[in-house]
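So this first bit is one chain, no partners, the form predicted alone, shown in structure tokens.
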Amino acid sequence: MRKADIANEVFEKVGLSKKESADMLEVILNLIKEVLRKGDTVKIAGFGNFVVRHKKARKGRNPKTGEEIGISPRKVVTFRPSQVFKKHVNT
């Protein structure tokens, strides 16, 4: 499912115009991105949590050449589904 598909579902189920649905989705996604950029957690009840994790620098290996390379520290976003979400997916 793409972002346009989600906006279309909002249009059909909520009754907003297609443009309003797309704009609302864009605002929500930008808000989530901004909160995560700051390093905060996004908790959506009944859905799950988006959490920013900090990964330390480490040594890796180039699979093609076997050469050892350094991997720089970085941030990654993880998603932890809620129990309600897990139950819904597994039924």
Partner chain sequence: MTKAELIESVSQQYDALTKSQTEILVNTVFDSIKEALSKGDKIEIRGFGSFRLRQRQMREGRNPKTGKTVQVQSKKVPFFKAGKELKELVDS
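Numbering follows the first chain given and starts at 1. Note that the structure is a prediction, hence the values are computed from the model and not measured.
Just so you know, the form predicted in complex with the partner chain exists too; it's not on screen, but the next bit is about it.
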property: Interface membership of L31, the partner chain in the model of the complex, 4.5 Å heavy atom rule; result: yes
property: A57 within 4.5 Å of the partner chain in the model of the complex, heavy atoms; result: no
property: K18: touches the partner chain in the model of the complex, heavy atom cutoff 4.5 angstroms; result: no
property: Touches the partner chain in the model of the complex: E67 (any heavy atom, 4.5 Å); result: no
property: Members of 8-25 lying within 4.5 angstroms of the partner chain, judged by heavy atom, in the model of the complex; result: E9, V10, K13, V14, L16, E20, M24, L25
